[in-house]
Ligand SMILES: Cc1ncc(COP(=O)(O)O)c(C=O)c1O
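Take a look at this single chain, the form predicted on its own, given in structure tokens.
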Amino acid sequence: MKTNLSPTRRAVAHLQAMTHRTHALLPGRAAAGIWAALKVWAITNEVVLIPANTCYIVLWAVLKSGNRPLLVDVDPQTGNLATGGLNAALAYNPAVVIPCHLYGLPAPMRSIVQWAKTHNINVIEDAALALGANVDGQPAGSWGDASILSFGLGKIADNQVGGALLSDDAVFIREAGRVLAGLPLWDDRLMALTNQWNSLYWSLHQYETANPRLLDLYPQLFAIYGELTAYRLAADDWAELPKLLRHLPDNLAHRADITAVYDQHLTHADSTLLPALARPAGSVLWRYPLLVAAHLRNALLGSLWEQGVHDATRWYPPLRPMTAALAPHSAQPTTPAADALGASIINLPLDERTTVEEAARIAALVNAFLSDQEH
């Protein structure tokens, strides 16, 4: 029977089984799911809590929905939100919190959901980087009033585009479907805008702290590229997703193998490698998070690029500069842990193109660079 279903129906059925959610929709990207959830809940001009080191598109979704983002610092041991940091944000009277499983490392959703319920705050679980993870004994994407997954470029299941919005509330999903149906359809124009923005942001975020005048560009760029926050896809754009989801166990097994190689080789004894982020049970790494002394991070990353490791990145930079530019009237608390993480992170590749041999080579390049710094 299932072979006669459309790709979208098969993908939805797979996601429901995988997350134990009763309902799922497939928006054009995960951020569209955040935007739609806030619209359906009729939340406007309210404070929405987001991690200070999450993807910029979460910030954009909050702004596009007509709400006020508040950056929340993360636990320095995990890189994720925790109730300790969220308690400080209660003074701002938040309406929604969007915890993210950074790099595929599970946030403490059980305690976050209980905290939110106590304070009458809606929860959108951002599992965009954690497809297939187990979070506090449940599948990633199964927590909160709603949850999102991503199948965009570079994600664990890389469909180039696409996301999922999930919930156990049938009325919510019906209304979200209605809201999402009014979005523009992904086309060549939006693809061109996406390519432009990706190139621009990669350059901007590298220098926005060193040259604060660059922040003056963000409002104009948001006016030009902000429509990339939310769109829908044609049926053909989902053709490969069922296969990607079906092969997810093999994908995750490969990631575990490559992670083990990095774990084995990246054991530099001096202070140039910082302690690794905690890796809770059930973690599924999106990319391998390597923490390097901040004064060496950019030089090491440049060295890796020069030697052909172009998939090494430094996501995610803290959102403070962009938030200050796009929401200048929303005063933000300090976020030292997220700032420190953003200054020291290097993400090493784990996808199917990364072989065990390539991972060992990358680790050797890292160790050689760090050894050179000792002399």
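Treat the numbers as computed from the prediction; the structure is a model and nothing was measured. In case it trips you up, residue 1 is the first one in the sequence shown, and so on.
What comes next is about the form predicted in complex with the named molecule, which does not appear here.
Peer 1: For the chain seen here without its partner, which of 325-333, 341-349, 53-61, 302-310 has a heavy atom within 4.5 Å of the named molecule in the model of the complex?
Peer 2: Partner-contacting stretch among the options: 53-61.
Peer 1: Which pick from I124, L166, V72, A128 sits with a heavy atom within 4.5 Å of the named molecule in the model of the complex?
Peer 2: None of the others qualify; the residue that does is A128.
Peer 1: Since exactly one of I148, V97, L81, A140 fits, which has a heavy atom within 4.5 Å of the named molecule in the model of the complex?
Peer 2: Comparing distances to the named molecule in the model of the complex, the residue within 4.5 Å is I148.
Peer 1: Going by a heavy atom distance of 4.5 Å, is P106 a contact of the named molecule in the model of the complex?
Peer 2: It does not: once the named molecule is placed as it appears in the model of the complex, P106 has no heavy atom within 4.5 Å of it.
Peer 1: Indicate whether K155 is a 4.5 Å heavy atom neighbour of the named molecule in the model of the complex.
Peer 2: K155: yes, in contact with the named molecule in the model of the complex.
Peer 1: Are any of the heavy atoms in A31 no more than 4.5 Å from a heavy atom of the named molecule in the model of the complex?
Peer 2: Yes, A31 is a contact residue.
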